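One chain is shown next in structure tokens, namely the form predicted alone.
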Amino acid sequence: MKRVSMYTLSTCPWCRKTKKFFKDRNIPFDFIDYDLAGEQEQEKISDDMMKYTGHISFPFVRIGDKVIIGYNPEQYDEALKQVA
């Protein structure tokens, strides 16, 4: 299974829905709440997001080498299917 990781905001309802999507399917994932991270970690996250998308937006989900911005279950499912 491809690794799932995400950058989220602790106060973002779409970020909570994204985490719930993966939890409900028993798909392990790592996440960092940007707003709760330290300044250096936030800078690293911002640089990573800019490298992949050219802007900062949450949730930022990485499934393997595919990046998906926002709550988008259809794209999550599609990226997960490419895992096998």
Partner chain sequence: MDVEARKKALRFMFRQVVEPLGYKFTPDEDTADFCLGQEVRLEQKHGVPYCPCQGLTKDHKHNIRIICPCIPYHREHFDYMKMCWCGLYVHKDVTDPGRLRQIPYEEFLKRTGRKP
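Positions refer to the first chain, counted from 1. C-alpha atoms forming the largest set that superposes within 1.5 Å between two forms make up the rigid core. Note that the coordinates shown come from a computational prediction; the quantities given were computed from them, not determined experimentally.
Same protein, other form: the form predicted together with its partner chain, not shown, and the subject of what follows.
At least one heavy atom of G70 is located within 4.5 Å of its partner chain in the predicted complex. In the predicted complex, K19 stays away from its partner chain, with no heavy atom inside 4.5 Å. Remark: E41 does not count among the residues lining its partner chain in the predicted complex, judged by a heavy atom distance of 4.5 Å or less.
Using a 4.5 angstroms limit between non-hydrogen atoms, D35 touches its partner chain in the predicted complex. Scanning 53 to 75 for heavy atoms within 4.5 Å of its partner chain in the predicted complex gives T53, G54, H55, I56, S57, F58, P59, I69, G70, Y71, N72, P73, E74 in sequence order.
After superposing the rigid core, the Cα of P28 is displaced by less than 2 Å between the shown form and the other one. When the rigid core is held fixed, the Cα atom of T53 travels 2 angstroms or more between the shown form and the other one.
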